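We begin with a single chain expressed as structure tokens, specifically the form predicted on its own.
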Amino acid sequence: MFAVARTAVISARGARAVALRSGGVGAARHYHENIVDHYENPRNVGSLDKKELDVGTGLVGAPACGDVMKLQIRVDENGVITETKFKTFGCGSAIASSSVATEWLKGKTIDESLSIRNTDIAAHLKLPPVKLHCSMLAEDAIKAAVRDYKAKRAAAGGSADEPKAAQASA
């Protein structure tokens, strides 16, 4: 396994980037400041109690690269995502993609959350083509968390698509 060294680099345009150089392999890769920011200062790292009915958990992985992403959402009685957490075992681009996804989910309804696309995450982070699978993992994790939340609601006797407040007034 090659050691990875991380060094800050200033590009010609003044944008901060990170160069990763694998020992003995050669060329460095430069990452956009958005990736570096979410990698060095990830938002919403942690876990929620997956047994709680208002928590949906998505666990996805990419066998090709070994990245594993757990993304969790907490949904209030009105169907709005109020809290998000993630844990990712993977590269900086996977961590950054998870971090961005959790930020974008807050305040959205369950249905609105499904409108977050990997292409939007990739464009925001300026992911290089070789790292696009990281944003795909984030989209898959969102969908898996929503599926889990809906399945729990349905199993508990509530409608998977109807918030608790609407059921109580029916």
Partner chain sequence: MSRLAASALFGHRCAPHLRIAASAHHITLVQGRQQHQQQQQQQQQPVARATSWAAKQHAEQSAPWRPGRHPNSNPWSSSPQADPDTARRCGSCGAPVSKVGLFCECGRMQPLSHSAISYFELLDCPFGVIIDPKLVERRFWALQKQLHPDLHAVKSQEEQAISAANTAFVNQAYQTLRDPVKRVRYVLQLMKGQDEAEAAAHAERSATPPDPALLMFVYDTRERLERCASEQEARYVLRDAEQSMDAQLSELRGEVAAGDVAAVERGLNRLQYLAKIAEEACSVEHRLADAAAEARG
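Just so it is clear, the structure is predicted and the values come from calculations on it, not from any experiment. Positions refer to the first chain, counted from 1.
The same protein has a further form, the form predicted in complex with the partner chain, not shown here; the description that follows concerns it.
Asks: Although the partner chain is absent from this view, report whether residue 133 comes within 4.5 Å of it in the predicted bound form, heavy atoms only.
Replies: Heavy-atom contact with the partner chain at 4.5 Å: present for residue 133.
Asks: Taking 4.5 angstroms as the cut-off for heavy atoms, does residue 112 touch the partner chain in the predicted bound form?
Replies: Outside the cut-off, so no.
Asks: Give a yes/no on whether residue 66 approaches the partner chain to within 4.5 Å in the predicted bound form, heavy atoms considered.
Replies: Within the cut-off, so yes.
Asks: Report whether the minimum heavy atom distance between residue 79 and the partner chain in the predicted bound form is within 4.5 Å.
Replies: Heavy-atom contact with the partner chain at 4.5 Å: absent for residue 79.
Asks: Name the stretch: of 35-43, 119-127, 58-66, 99-107, exactly one has residues whose heavy atoms fall within 4.5 Å of the partner chain in the predicted bound form.
Replies: Careful reading of the contacts points to 58-66.
Asks: Along 77-104, which positions have a non-hydrogen atom within 4.5 Å of the partner chain in the predicted bound form?
Replies: Those in contact are 87, 89, 90.
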